[in-house]
Ligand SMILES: Cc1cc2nc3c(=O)[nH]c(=O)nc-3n(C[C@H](O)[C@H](O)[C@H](O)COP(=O)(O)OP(=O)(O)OC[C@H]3O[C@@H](n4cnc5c(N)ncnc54)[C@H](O)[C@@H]3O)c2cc1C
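One chain is shown next in structure tokens, namely the form predicted on its own.
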Amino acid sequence: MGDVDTLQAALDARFGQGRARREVPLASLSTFRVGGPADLFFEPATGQELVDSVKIARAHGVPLHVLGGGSNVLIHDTGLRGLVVRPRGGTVTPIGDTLVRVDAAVTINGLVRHTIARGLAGLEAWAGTPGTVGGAVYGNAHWQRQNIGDLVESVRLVSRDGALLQVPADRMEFAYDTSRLKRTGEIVVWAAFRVTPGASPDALRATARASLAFRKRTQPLDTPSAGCIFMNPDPVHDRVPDGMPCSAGALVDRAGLKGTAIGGAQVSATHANFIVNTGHATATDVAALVDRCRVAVADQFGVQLHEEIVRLGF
């Protein structure tokens, strides 16, 4: 592992003193509200700053972690070694009439508001989706029966050695809850989404409100969580028992675990594929409860659940 002191000096020289900070608590930057500090923390304000910080970390041999909106991740109680990069800011830029280019740090909700206000259809049902564009592309976020990768035209990426490349959607290896980024470690700089012009903003807002209302009815939005913990099982390959829905939440529920708690972590009584922080959970509590749910479902139904959340520092 490289020297974090030397890395900070290099970041200070490039971006100015005070931009890279030591021992920054990460729990408040995670929707789970758990996790320890970052050895070194930097928030690039532009795509070029992101690229430069990646190159500097690579040159100094220091581990690099990227944090977006902090949803869908579980950060270890001891924190993260090396450099944590959290892009901030960003813009939405129209490209002709049918594309919008969106910087990685823009929130999905910010993108939805932007397109609705301009009568651009295609993204309105994603209202209420937590996290950023970069994180959504990384995990190919899904909402009901659509994956966000279905709406992507191309993605600008930076490799772990700082090289820039533009990748069309058909080379992003989008599949359920995944993309090539989980294999390559590449980082999103921006993504271009297809939209349809000429829609009524009022009609788009109605769709967005319906999406938000559905989330409020079915998800524990008033308690810290990371969203769904497990991917839904594959109806063909995972051999879900007859009469059982292909739903991770239903399997955890029927295993009798809804409401089960370890420390401050609890399987939500609203939706059993959510684990919530009741106020004093640790990442260790959450991880232990995730493991208990996985084992119980495997023992009772013979189905191996796979995590949708990304564990950092474990």
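Predicted model, so just to flag it, every value in this text is computed and none were measured. Each residue number is its position in the shown sequence, starting from 1.
Below: the form predicted together with the ligand, not depicted.
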Can V188 be called a contact residue for the ligand in the model of the complex at 4.5 Å between heavy atoms?
yes
Should G110 be classed as touching the ligand in the model of the complex when contacts are defined as heavy atoms within 4.5 Å?
no
Contact test in the model of the complex: E307 vs the ligand, heavy atoms, 4.5 Å
no
Using the partner position in the model of the complex, report whether N72 sits within 4.5 Å of the ligand, counting heavy atoms only.
yes
Answer range among 196-204, 230-238, 126-134, 167-175 for contact with the ligand, defined in the model of the complex as heavy atoms within 4.5 Å
126-134
Just to confirm, with a 4.5 Å cut-off on non-hydrogen atoms, which of V84, L181, V100, V152 contacts the ligand in the model of the complex?
L181
Only one of V66, V51, A250, A27 comes within 4.5 Å of the ligand in the model of the complex by heavy atoms, so just point that one out.
V66
What are the residues of 212-229, in order along the chain, with a heavy atom within 4.5 Å of the ligand in the model of the complex?
R215, Q219, L221, S225, A226, G227
